[in-house]
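What follows is one chain in structure tokens, specifically the form predicted alone.
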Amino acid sequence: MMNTLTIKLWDGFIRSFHWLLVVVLAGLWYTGGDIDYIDLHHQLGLVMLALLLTRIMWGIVGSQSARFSYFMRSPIAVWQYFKAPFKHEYVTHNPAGAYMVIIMLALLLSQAISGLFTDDAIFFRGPLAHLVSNDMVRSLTRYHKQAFDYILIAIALHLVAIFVYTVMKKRLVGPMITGRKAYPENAQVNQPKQRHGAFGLVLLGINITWIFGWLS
């Protein structure tokens, strides 16, 4: 058997964020089309906003492997990656995957923020809808209803990538559960500096508290 090198890749906050995001997103999808769940949908949207803001903060001050500056690459690197996608070992995200992370965060953040300005004219009016014009409210409401399709496309691409990497025996899911990832012993990888995930979870709690206090 090939000797391997195992490193600590994802801290507790990043793993918690990932799986909480899955649960909250599923809840938003389920409650989004039913007026009986409109209040729950709003509350889940606020949790989503807190998750995303905390992930952005953690991407600046958190563990090295979670920082955007650590895994983002130039567009040229993405082009070179697609020419030989499985040639190199990457400590965290490959160049294409890094851009996918940013796209997904941007889509989810725009969806969460637009929800604060929506108005269905019957059952729900977003807590910030009064700050903009009626035309803007209508535009943001229309965007909020339509943009989830783009999120579903991004999720589908993510699942396809996981399947392809699994077929190529590149582990993606396991490290997001255990926090550790094994590489070939001769791989040129270094242990990223880690911050304790508890700090990220405390930051999440703070963000949930002030967001619910302001917008609930």
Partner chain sequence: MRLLTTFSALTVSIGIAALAATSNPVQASAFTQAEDAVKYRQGAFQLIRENFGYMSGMVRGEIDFDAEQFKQRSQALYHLSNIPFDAFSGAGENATDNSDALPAIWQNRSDFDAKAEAFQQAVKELVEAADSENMRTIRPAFMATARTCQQCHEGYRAD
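What you see is a predicted model; the values in this text were computed from it and never measured. Residue numbers count along the first chain shown, from 1.
This next part talks about the form predicted together with its partner chain, which is not shown.
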Residue within 4.5 Å of its partner chain in the model of the complex by heavy atom, from Ile38, Val189, Ala154, Ala161, is Ile38
Its partner chain isn't shown here, but in the model of the complex, which of 142-150, 104-112, 68-76, 82-90 has heavy atoms within 4.5 Å of it?
-> 142-150
4.5 Å heavy atom contact, Tyr99 and its partner chain in the model of the complex = no
Is there a heavy atom of Arg138 lying 4.5 Å or less from a heavy atom of its partner chain in the model of the complex?
-> yes
May I ask you to state whether Gly174 is within 4.5 Å of its partner chain in the model of the complex, using heavy atom distances?
-> no
Consider Pro184 of the chain shown here, and say whether it contacts its partner chain in the model of the complex, taking contact as heavy atoms within 4.5 Å.
-> no
Near its partner chain in the model of the complex, with a heavy atom at 4.5 Å or closer, the residues from 96-131 are Asp119, Asp120, Ala121, Ile122, Phe123, Phe124, Arg125
